[in-house]
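Single chain ahead, by itself, as structure tokens, in the form predicted on its own.
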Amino acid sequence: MNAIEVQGLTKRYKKSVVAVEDASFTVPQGTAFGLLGPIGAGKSSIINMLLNFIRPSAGTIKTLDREIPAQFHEVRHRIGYLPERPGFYGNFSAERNLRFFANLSDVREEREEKIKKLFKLAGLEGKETTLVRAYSLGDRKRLGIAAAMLNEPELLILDEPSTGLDPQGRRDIMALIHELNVHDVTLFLATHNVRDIAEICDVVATMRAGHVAAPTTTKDFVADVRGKTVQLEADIANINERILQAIRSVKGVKSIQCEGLKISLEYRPGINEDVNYVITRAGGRLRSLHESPSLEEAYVRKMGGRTR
């Protein structure tokens, strides 16, 4: 069964503004689906229609085998949602906020035990009694995921989950989202950040100016964006022949230019980590490892300089 089926979806505002035009795609159950496009592309309009916040101008939506909007009431408790900026009562503790949302969602059975488990899942243990106004944006987003999971949803919709976070906060959120997908929650992730897609999603559809392209596997998408060859520039404090030999042993390495230690290799997911590992294992003290072009740089070029 597909978690989401969209056919010919269109949304017009005031007749002249077309936010979404003739979008069609499916999201198989259990997958992580990414909708990638610049800010203003129409991603949030699609999310709002999936969640029955707004009505389509044309087209059809089926979510968890139910017609939307007609049968949304039958599936709303099976869907979780993380908005870009989750809204909570700042003068309430995090725990009190989750109790409030649990009551709104009719979560009665084993409520306190479920809330306790969600704080652990979200990495917020020890912060249950902290007022939400004292939370960082990263903690608010993690609390937002906990709130979205109160009903143990089959489908989780995420709108720009990493926007506004520092690098560590982003890593934490991405790790949490990945863990949810491992536990068979279908993910629908809308973002302008290509790294989010590459790290989390199985399938990706790009969106621009209201138009959604045909979905493709993330592996094929990344290969198309960046090409087959990538260059790594490594700064190693104690470079020697043993370390160079270790690098040559990595599958996909084509050549090594010792001046500045530039490594030309065939791209594949995880190759940076493989190079990092063999350098460290061979006794190398790696100060930096820079990929050129980075995935972001390659994506910006492909998009003609606009990803926001």
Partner chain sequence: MSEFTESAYKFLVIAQKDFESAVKTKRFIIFGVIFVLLALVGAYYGNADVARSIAPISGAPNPATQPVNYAISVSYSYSEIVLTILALALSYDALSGERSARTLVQLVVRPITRRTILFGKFVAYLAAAGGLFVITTLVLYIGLSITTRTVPSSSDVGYLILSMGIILLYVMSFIAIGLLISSLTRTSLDSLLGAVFVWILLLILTYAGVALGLGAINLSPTSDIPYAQFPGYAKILVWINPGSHNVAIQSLAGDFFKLTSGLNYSVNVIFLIASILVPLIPAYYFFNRSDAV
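Just so it is clear, the structure is predicted and the values come from calculations on it, not from any experiment. Numbering follows the first chain given and starts at 1.
Heads up, the form predicted in complex with its partner chain isn't pictured, but that's what we're talking about next.
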Verify the contact flag for residue 108: yes if a non-hydrogen atom of it lies within 4.5 Å of a non-hydrogen atom of its partner chain in the predicted bound form, no if not.
yes
Please tell me whether any heavy atom belonging to residue 48 falls inside 4.5 Å of a heavy atom of its partner chain, as the geometry stands in the predicted bound form.
yes
So in the predicted bound form, is its partner chain close enough to residue 150 to count as touching (4.5 Å, heavy atoms)?
yes
Should residue 86 be counted as a contact of its partner chain in the predicted bound form, where contact means heavy atoms within 4.5 Å?
yes
Which residue, 104, 175, 182, 209, has a heavy atom that falls within 4.5 Å of its partner chain in the predicted bound form?
104
Interface residue in the predicted bound form among 239, 250, 54, 58, criterion: non-hydrogen atom within 4.5 angstroms of its partner chain:
54
Among 71-79, 118-126, 213-221, 194-202, which stretch has residues with heavy atoms no more than 4.5 Å from its partner chain in the predicted bound form?
71-79
